[in-house]
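This document starts with two versions of one protein chain, written out as structure tokens and named structure 1 and structure 2.
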Structure 1
Amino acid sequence: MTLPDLFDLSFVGRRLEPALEWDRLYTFGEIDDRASRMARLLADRGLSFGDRLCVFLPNCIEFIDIYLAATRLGIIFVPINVLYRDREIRHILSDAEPTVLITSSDLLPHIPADAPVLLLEDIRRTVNHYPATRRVAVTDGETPAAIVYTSGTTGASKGAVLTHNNFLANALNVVTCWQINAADRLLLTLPLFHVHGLGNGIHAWLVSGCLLRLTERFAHDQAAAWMQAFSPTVFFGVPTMYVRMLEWPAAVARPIGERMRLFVSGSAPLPAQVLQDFHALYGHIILERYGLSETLMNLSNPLYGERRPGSVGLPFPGVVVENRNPAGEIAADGEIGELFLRGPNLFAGYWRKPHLFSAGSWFQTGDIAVRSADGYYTLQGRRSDLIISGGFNIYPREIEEFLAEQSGVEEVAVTGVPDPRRGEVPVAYLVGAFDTAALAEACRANLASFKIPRAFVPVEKLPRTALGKVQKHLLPKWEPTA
């Protein structure tokens, strides 16, 4: 089977049932027809099997239409983080070489002039001229469905190629293990350009046939009203969203908790304190799970049974986990190791970088963990200096390389510092005679907002080992000024 086959559980089986709340309520039949028209439009624009289609858009109903159309035609869907800026976008375009890039006119200034742009506004004007007759060209589950760019340890981001089978395996696990069903009401405020929103949110919706309320983003000053109006039974979030929800008064929180069936958290570690405070306010123990763009979901606390604070739970069905110690042996329970993974959820490799990973091999996560005697895994940190801010991954190396190119900067080190809302934020330490305002301006023009250092701290020199490696833990501690 492929994704279109599985989605037919809803598109055929629940054709007249309510599917999506966006600008109005849509049935599954209407979503199906929208996808069929969109597929015709994309084919008419010259897109065919194996072509890459970049989408640089915030959440909207057309994002879903385009994704569904791509899965039907075997077009490889390449979502671009809508917070990315010129330099980041240029890199993805040159790597993925899309036949078409879809964006909206307000985002166009960030797109290189020679990109093969198709405007959302033009799509909206013309898509209804196409017939809603269905055409499906994908028959093999090993066909790539998407390339998701993840920040790279080497500086530039790499494209993780995810197949239909990867998404199928993930969707079946999520829907089964969390018992997402047609009676559920899923509020989705996560961005659809990442696997959390797309691979869990959209797929769980279409496989279970539940009702989805999609929003453009998580606006923390509006989210309480959305929850009150929609009465979701399921919510998928990143820890930053749960931290924001702790700010809501008990009179707002309690009724939301009473109507909710399941809160799930992932994409960044959920502090045990947040889990406890949330339990006190909402009457729910958030279900924490662990995934990666390259592997989709790997581990999850159980729906029934103990949801252990600080732990990411047990391997999902079919996922094989080895926690290896530095000698490469399997770490004993209670001993620190690094997580290595195998399973049907693992990606097919990095786009045009076959030397970095080959399908079927173990995936080295870089995440340090311990396993308890009863099989629960608890993350202890990371082998790399990856920063996770609001659920978005940041590799310091990428910011360091960019800052090192700026005038007056001789040396630079970027590190993550704790932040109560976002988990971590980046801070840059720099040597040289540089202009802080100019650096901030250059970052704003070229980097996603979550990658812009919170501070540019001048230092005399960077602490280094005898071999010249920067010792980031010896950098002066930076404190935010209130």
Structure 2
Amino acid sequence: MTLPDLFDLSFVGRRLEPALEWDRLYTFGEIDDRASRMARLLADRGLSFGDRLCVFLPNCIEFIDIYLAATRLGIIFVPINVLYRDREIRHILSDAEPTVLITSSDLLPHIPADAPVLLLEDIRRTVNHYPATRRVAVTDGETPAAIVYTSGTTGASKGAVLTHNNFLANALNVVTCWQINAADRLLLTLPLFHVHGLGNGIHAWLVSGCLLRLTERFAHDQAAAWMQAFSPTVFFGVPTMYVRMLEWPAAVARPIGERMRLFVSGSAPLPAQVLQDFHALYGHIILERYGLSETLMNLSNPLYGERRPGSVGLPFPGVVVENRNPAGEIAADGEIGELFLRGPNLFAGYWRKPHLFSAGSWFQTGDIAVRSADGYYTLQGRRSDLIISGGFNIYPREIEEFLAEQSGVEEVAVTGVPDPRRGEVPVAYLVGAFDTAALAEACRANLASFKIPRAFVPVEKLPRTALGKVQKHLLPKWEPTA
């Protein structure tokens, strides 16, 4: 079975039922026909099985059309973050070597002049000239469906090759474990160029047959109105969205919470304080889960059962997790380890870099975690974020969680800076109106001395990726005062 086969649960089984709200309401049959016309157009433009197709677009209905057409023709879909610029785009184009790059005229200035561009405006003018007869060339689930480039925060981004089977396994887990069904209404504001929006949002919609409301992006000043008008029952978000939603008054938040069935958070750690404050305001405990570009979803707090603050929950069906200590042995419950993964969700390898990962191997995530006695995993941060100060290991998330609970602190990131005597020391970067002296005193009373930040640096905002991950390497350099 391949993605087109699974999507027929909706395209064939629910053909006349409402599917998508964009500029108007579309049925599943109309979305199916749009994908068929797009597949004919792409084939007419020279794209065939195994070719790479780059897409540099914000969320729009054509983004979905292009993706569905690619899954039918065996074209490898390569989404590009719309926030990327010259250097990042050139790297992806050089590595993926696409046959075509689809973008819009307003984004064209960011594209290299020699790129094989097909403009969205040209597609819109011509696509309806093609017949809506279906053409499917993919019969093997191991066929690559997409190459998703990692964020590249520590070097050049790598292209994770995700197969039809990877996406199938992930979609079935998400729909089953979170019980997403045709009666649900999904508000999707996440970018489709990322696996969170594409692999979870679009796939869950098409497999479950729920009604989707797609927006170009999450706009804080409009999102409340969208929720009031659409009355979603499911919302996929990232922590920064939930932080902004805490700013809405109770008179707005409470009715939204009453109509909602499930709030899900991922792509970055959700501070425990945000989960608690959100519960108080909306009456919901956000379901936090853990995924990666290379693996899609791995773990999730349960739909029914304890959603533990700070934890990413339990492994999804079929996903095997080992938490290994530095010696490569399974870490005891309660001890720090690094997550290793196996399962049907695991990618086929990095594009043109087979030496970095072999299909069927354990995937070393670089994420540090602790497993509880009852099987819940709690992330402690990235292995690369570990601060070693005077021989002591410091995991920044512990300090970040504590500081996030303090008065006036809206957001916080802790990173290590060089120190001539201790090797490294922690420094905290904070957003908000806080009292530095009070923060220092609270840390002295609650944290080991070597964990106390050497400085509390106020910043207007934290540098983040489009999905809300803090880019610590872009924080301003801190220099100790004389």
Ligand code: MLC
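Throughout, rigid core stands for the largest set of C-alpha atoms superposing within 1.5 Å between the two forms. Source: prediction; values computed, not measured. Residue numbering: sequential along structure 1, first residue numbered 1.
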Label of the structure corresponding to the form predicted on its own: 2
Hinge residue among A272, S384, G360, P255 (rigid parts rotating between the two structures): S384
Whole-degree angle by which the smaller rigid part turns once the larger is superposed between the two structures: 149
Shift in Å of the C-alpha at T415 between the two structures after core superposition: 6.2
